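Only one chain is shown below, in structure tokens, and it's the form predicted alone.
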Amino acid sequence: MNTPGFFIAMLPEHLVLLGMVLLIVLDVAGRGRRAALPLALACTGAASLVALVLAVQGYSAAPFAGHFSVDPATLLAKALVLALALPVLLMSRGDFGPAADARETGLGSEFALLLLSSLYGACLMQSADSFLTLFLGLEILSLPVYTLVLLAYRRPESAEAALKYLVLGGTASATFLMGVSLIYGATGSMAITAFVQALGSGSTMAQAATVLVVVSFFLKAAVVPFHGWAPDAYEAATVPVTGFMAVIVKAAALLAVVRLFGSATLATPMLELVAVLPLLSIVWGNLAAMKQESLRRMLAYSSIAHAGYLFFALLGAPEGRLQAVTFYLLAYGVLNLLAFAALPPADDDLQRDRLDHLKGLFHRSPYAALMIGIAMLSLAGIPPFPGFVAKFLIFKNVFAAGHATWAVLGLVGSYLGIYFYLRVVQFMFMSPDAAALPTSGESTIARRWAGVASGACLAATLAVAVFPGWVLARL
């Protein structure tokens, strides 16, 4: 092992790990409560910047040959995942920062520590060259999130949602391990390239193995019919945790799936599996979102639909998959976080989450209404917002790969989502003003931090909307 190469190749992970160690030390010293979020922001931002710089420089290395390697595409994926975590940290001050002291939650640096731990797993997944490393990263990503759902909970149903997520997450891990064991039995290799080898095999055991592995990622990404945990977990968790699950966990899983499929061209039966279940997710996610009265639950079903769009990208040509998925995750992640960051504060979490609370929001808070409106229109795929470009890129690639029928069906299913997104816009701009919910002084301070998060997301949204070609050329 080349020691200097090891430190450079794993520098993003090392910076995240450094933040975790410092948080533990500060917590033991009794100074973790106020330093946690600034320290987590600094380490996450530095790790994202380092990954981006290394990607631009074209850095490649394999410090652990056969298990862990980096290249520009891998580093860019890490930079994206880490950068999307920054708005989550900014908007978390009201739930996990000093503002939480007023509610006597007793929390110190737990949120920041768990989030950094999960980010470490997300980064590890992007560099995995073996199923051992991929499984390790997947578990490090997932385990902290089960706790985050319950951390600083404000609803009695949070415990039930966390338990459901834990049980189904454990099922996904078991399914993944079963698939990996069968791949090893069929190919004699634990390298992730054995997955592509198993895809092309006519062996029943190899085909079953690949199906099990893909199903485990379906469950992680909440693809129908493995989506049951998502609405409950998204609704019961606090806003920043919901944003983290909807964006970072999904991004890490989908980028790992693209790495897993590599340059493989899909054929029966994997083609039908990757087409039918994501299509069901698009249709069911959009239909179920129409009748929701909770914003977070509505966005959970929206997330299920978007998982379908992302897996649809696997139907496209291998050379265009990573670009399509990365661009989609960038647009989807920034706009989801923009909606969460702009959500008006309130001491009553249940009332804050109700769509009725958004009625007449433009008259009370024009900035918040405009930000949420931009997010909703873009997630609906309405031009000229980034969501339109993201969906167009995926369906264009699917059509170019010769799957015109699936592309048309997916496109038709995507139109179902326009209704509930426009419903939110109608509530904010065309409905009578609803009474503002009471907020404390601490909520006002936390709102300023969330305002910084929404400003950063807005800047990223404008950059992607105005210069989509420039962004695509660098993915």
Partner chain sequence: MFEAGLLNLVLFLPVLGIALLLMLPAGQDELVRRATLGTMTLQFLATTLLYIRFDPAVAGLQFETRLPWIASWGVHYQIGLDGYNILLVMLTAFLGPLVTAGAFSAIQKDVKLFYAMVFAIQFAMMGTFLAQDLFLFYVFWEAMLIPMFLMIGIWGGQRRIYATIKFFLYTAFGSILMLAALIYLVWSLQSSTGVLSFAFADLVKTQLPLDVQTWLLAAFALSFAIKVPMAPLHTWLPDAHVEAPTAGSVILAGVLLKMGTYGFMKLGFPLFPDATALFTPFLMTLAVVSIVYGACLALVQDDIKKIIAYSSISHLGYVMLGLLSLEITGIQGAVIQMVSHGLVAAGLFLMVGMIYERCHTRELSAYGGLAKLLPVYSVFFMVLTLASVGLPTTSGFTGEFLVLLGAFKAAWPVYAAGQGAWPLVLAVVAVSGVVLGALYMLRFALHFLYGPVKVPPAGDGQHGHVLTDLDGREKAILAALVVAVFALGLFPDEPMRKTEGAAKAYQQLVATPRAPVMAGGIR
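The structure displayed is predicted, hence computed values, not measured ones. Positions refer to the first chain, counted from 1.
FYI, the form predicted in complex with its partner chain isn't displayed, but the following is about it.
> Just give me the single entry in Phe226, Tyr120, Phe385, Phe217 that has a non-hydrogen atom within 4.5 angstroms of its partner chain in the model of the complex.
Only one option qualifies, and that one is Phe385.
> Could you confirm whether Tyr184 comes within 4.5 Å of its partner chain in the model of the complex, counting heavy atoms only?
So Tyr184 does not count as contacting its partner chain.
> For Tyr419, is any heavy atom within 4.5 Å of its partner chain in the model of the complex, or not?
Contact with its partner chain, yes.
> Residue-level contact is defined here as any heavy atom of the residue lying within 4.5 Å of its partner chain in the model of the complex; does Leu330 satisfy this criterion?
Judged by the heavy-atom cut-off of 4.5 Å, Leu330 is well away from its partner chain in the model of the complex.
> Going by a heavy atom distance of 4.5 Å, is Tyr367 a contact of its partner chain in the model of the complex?
It does not: once its partner chain is placed as it appears in the model of the complex, Tyr367 has no heavy atom within 4.5 Å of it.
> Considering its partner chain in the model of the complex, find the one stretch among 54-62, 36-44, 404-412, 22-30 with heavy atoms no farther than 4.5 Å from it.
One stretch meets the cut-off, namely 404-412.
> Suppose contact means a heavy atom within 4.5 Å; in the model of the complex, does that hold for all of Ala288, Gly320 and Leu322 with its partner chain?
Spot residues vs its partner chain: no contact at all.
> Select from 112-139 the residues with a non-hydrogen atom within 4.5 Å of its partner chain in the model of the complex and write them out in sequence order.
Contacts from 112-139: none.
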